[in-house]
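Have a look below at one chain only, the form predicted alone, in structure tokens format.
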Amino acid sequence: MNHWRVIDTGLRPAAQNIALNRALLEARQAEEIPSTLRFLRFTPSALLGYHQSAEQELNLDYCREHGIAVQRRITGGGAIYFDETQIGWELYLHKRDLGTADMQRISRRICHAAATAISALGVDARFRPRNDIEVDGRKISGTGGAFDGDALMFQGTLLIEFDVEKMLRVLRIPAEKLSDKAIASARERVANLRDLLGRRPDAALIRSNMVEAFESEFGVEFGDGDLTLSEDQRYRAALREIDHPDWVGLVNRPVADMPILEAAQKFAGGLLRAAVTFDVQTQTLRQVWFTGDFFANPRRAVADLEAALRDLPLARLEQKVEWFFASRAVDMLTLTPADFVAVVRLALKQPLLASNP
């Protein structure tokens, strides 16, 4: 039987956690360490994707006022908020542990195992493609992975007592999404273990369940461990670079290059508003938010559409919206897919865009 390692690096500032990401991934790629399960927690932190600009993605004034550190991940993706109310879990694996480099298959396998561990706490957790774990249709864990050569870092979070409103205020989003109604709607789409169980779950039990689930999935046995000397050396070298303003400012693009454009239009099916974060240079829809007075069932369909349009080249807008509604059953009464396209196109015609040719 293969023997893997489990470590818990505790509660740390964002720079230290990101430096450990690099150190463990490099060490696994160099085959200096066995495949490893790591548990971690963050002090309040706004984490940028590797290619993102802080000014474009975050409400920096709010972060400063509330003591929220701004840091850059070594992986891509969008900006996220972490704090002590979440438990992070990460797997550092080799391709031969997985038998495939297909990230969809890898995500399904790992997330099914993680969902089993979460369910053992007393809830019905299930994997939802592409990379979420949900309870009764509400997100309780987000995941993602990245390869470095033959090594994989697969990361997940588990929401314990997560403050959705704080997350929304950390991000640079339209004011409409900070209304009481919008915040209540966002809360309905996530699940906290404390709310589901009626008590704060025992962290040691969470870790134990995760260990058992991954042992069963991969046919391995975990042993407790600590950082090796080579990992510590790699960590200290990485921290010198990452715990520095130049790393956080590695990508520094002005807000004017990614305006938030808004429009509203009345259709037969109701009033529909769109707010669009638009990357002028690449002609890409970074994010789209829909609000208004209309009917959609299931209710999460609009949030799923927003997710489908994230980081989408503008030229593919119509095709993506048509595919989205053709691939699932959504009841919108007389509102049509073309209406969503029309209100996004209307937002892109706003004067703010014209000032950024």
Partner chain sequence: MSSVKGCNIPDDLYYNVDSNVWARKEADGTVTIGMTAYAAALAGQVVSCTPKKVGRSVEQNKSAATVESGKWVGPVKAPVSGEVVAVNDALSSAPGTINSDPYGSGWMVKMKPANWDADSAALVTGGAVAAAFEAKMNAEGFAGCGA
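Residue numbers count along the first chain shown, from 1. Worth saying up front: this structure is predicted, and the values here are computed from it rather than measured. Basically, rigid core = biggest C-alpha set you can superpose within 1.5 Å across the two forms.
The form predicted together with the partner chain exists for this protein as well; it is not shown, and the discussion that follows is about that form.
Considering non-hydrogen atoms and a 4.5 Å limit, does the partner chain approach Gly225 in the predicted bound form? Result no; Gly225 lies far from the partner chain in the predicted bound form.
Within a 4.5 Å heavy atom cut-off, is Phe295 in contact with the partner chain in the predicted bound form? It does not: once the partner chain is placed as it appears in the predicted bound form, Phe295 has no heavy atom within 4.5 Å of it.
The partner chain contact in the predicted bound form: Gln29, any heavy atom under 4.5 Å: Because a heavy atom of Gln29 falls inside 4.5 Å of the partner chain in the predicted bound form, the answer is yes.
Closest heavy atom of Leu152 to the partner chain in the predicted bound form, within 4.5 Å or not? So Leu152 counts as contacting the partner chain.
On the criterion of a non-hydrogen atom at 4.5 angstroms or closer, are Gly99, Ile106 and Asp148 all touching the partner chain in the predicted bound form? Yes.
The partner chain in the predicted bound form: contacting segment from 265-273, 212-220, 126-134, 168-176, heavy atom within 4.5 Å: Single hit among the candidates: 126-134.
Name the residue from Thr277, Ser185, Thr75, Ser119 that puts a heavy atom within 4.5 Å of the partner chain in the predicted bound form. That would be Thr75.
Which one, Gly88, Gly144, Pro259, Pro201, lies within 4.5 Å of the partner chain in the predicted bound form by heavy atoms? The option sitting close enough to the partner is Gly144.
Check each residue of 40-66 against the partner chain in the predicted bound form and list those with a heavy atom within 4.5 Å, in sequence order. Residues within 4.5 Å: Tyr50, His51.
Taking the rigid core as the reference frame, tell me whether Ala30 has a CA displacement of 2 angstroms or more between this form and the one not shown. False for Ala30: its C-alpha shift is below 2 Å.
After a core superposition, would you say Glu134 shifts its C-alpha by at least 2 Å between this form and the one not shown? Result for Glu134: no, shift under 2 Å.
Please say whether, between this form and the one not shown, the C-alpha of Leu314 moves by 2 Å or more once the core is aligned. Yes, because once the rigid core is superposed, the C-alpha of Leu314 moves 2 Å or more between this form and the one not shown.
If the C-alpha spacing of Ala307 and Leu152 moves by 3 Å or more in the predicted bound form, is that a move closer or farther apart? Result: farther.
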